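Shown below, as structure tokens, is a lone chain in the form predicted on its own; questions about how it binds or moves come after it.
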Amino acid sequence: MPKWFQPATLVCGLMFAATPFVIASAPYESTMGLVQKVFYYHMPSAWMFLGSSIVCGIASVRFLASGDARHDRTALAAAEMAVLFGLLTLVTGPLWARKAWGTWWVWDARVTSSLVGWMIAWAYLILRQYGGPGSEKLAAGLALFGMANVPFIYISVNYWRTIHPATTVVPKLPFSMGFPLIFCLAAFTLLLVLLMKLRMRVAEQQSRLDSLYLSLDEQR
């Protein structure tokens, strides 16, 4: 692992230890009260979910164009991160919605498209695991659909009726709410980078181990 990995891991741990205190310093939202503070975990999780889907798609394009296994490992790691952060998004969202809007789930444009994006990430991993020879290229093609779905998820609240606020709300947050959001977003971004790097390292070691097994089989 690179030299920066351990210090970055320490910083990430300290940031997540501090997030409850940073969030507690934010004022209550006037209509939702305490439950609104789920937002400071829900929103960063959603952004990491969408970001991972984009990274997976871009890495898949580069893999299809070059055949470089490094891009394939990046796409695989990003797909796993999309599943992880997508799960956090889909769990924290209903927890917030039930208290704030009186319902766990509605099939509106953003919620439905987010679920579809999460299912695409799962389909990518399942195809990689059980698709057999050549499945990595088929999965790479599937990742493009996941990436194409990201802009739709983001702008859907601006064009369809939904319980989610429009994308213009976050930039207008006061500093007392904006700073905790930025802090949590930085913590989640650092966590994503660390997990991605760790997963890519594991995939690289697995590839080397497979190569050693193949070379031993050839020598027998």
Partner chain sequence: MIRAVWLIVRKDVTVEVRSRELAYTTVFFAISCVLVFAFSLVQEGRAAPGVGPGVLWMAIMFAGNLALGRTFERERQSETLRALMLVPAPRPAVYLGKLAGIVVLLTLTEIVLVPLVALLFQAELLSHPFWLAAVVLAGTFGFASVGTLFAAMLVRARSRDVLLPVLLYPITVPVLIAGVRATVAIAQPDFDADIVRFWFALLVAFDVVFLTLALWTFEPVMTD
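Computed from a predicted model, the values in this text were never measured in an experiment. Numbering follows the first chain given and starts at 1.
Omitted here: the form predicted in complex with its partner chain. The next part is about that form.
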{"item": "Proximity of residue 104 to its partner chain in the model of the complex, heavy atoms at 4.5 Å", "value": "no"}
{"item": "Contact test in the model of the complex: residue 156 vs its partner chain, heavy atoms, 4.5 Å", "value": "yes"}
{"item": "is_contact(residue 152, its partner chain) in the model of the complex, heavy atom dist at most 4.5 Å", "value": "yes"}
{"item": "Contact flag, residue 142 vs its partner chain in the model of the complex, heavy atom cut 4.5 Å", "value": "yes"}
{"item": "Per-stretch contact check against its partner chain in the model of the complex, the hit in 134 to 142, 96 to 104, 70 to 78, 83 to 91 (non-hydrogen atom, 4.5 angstroms)", "value": "134 to 142"}
{"item": "Proximity to its partner chain in the model of the complex, single hit among 58, 35, 64, 185 (heavy atom within 4.5 Å)", "value": "64"}
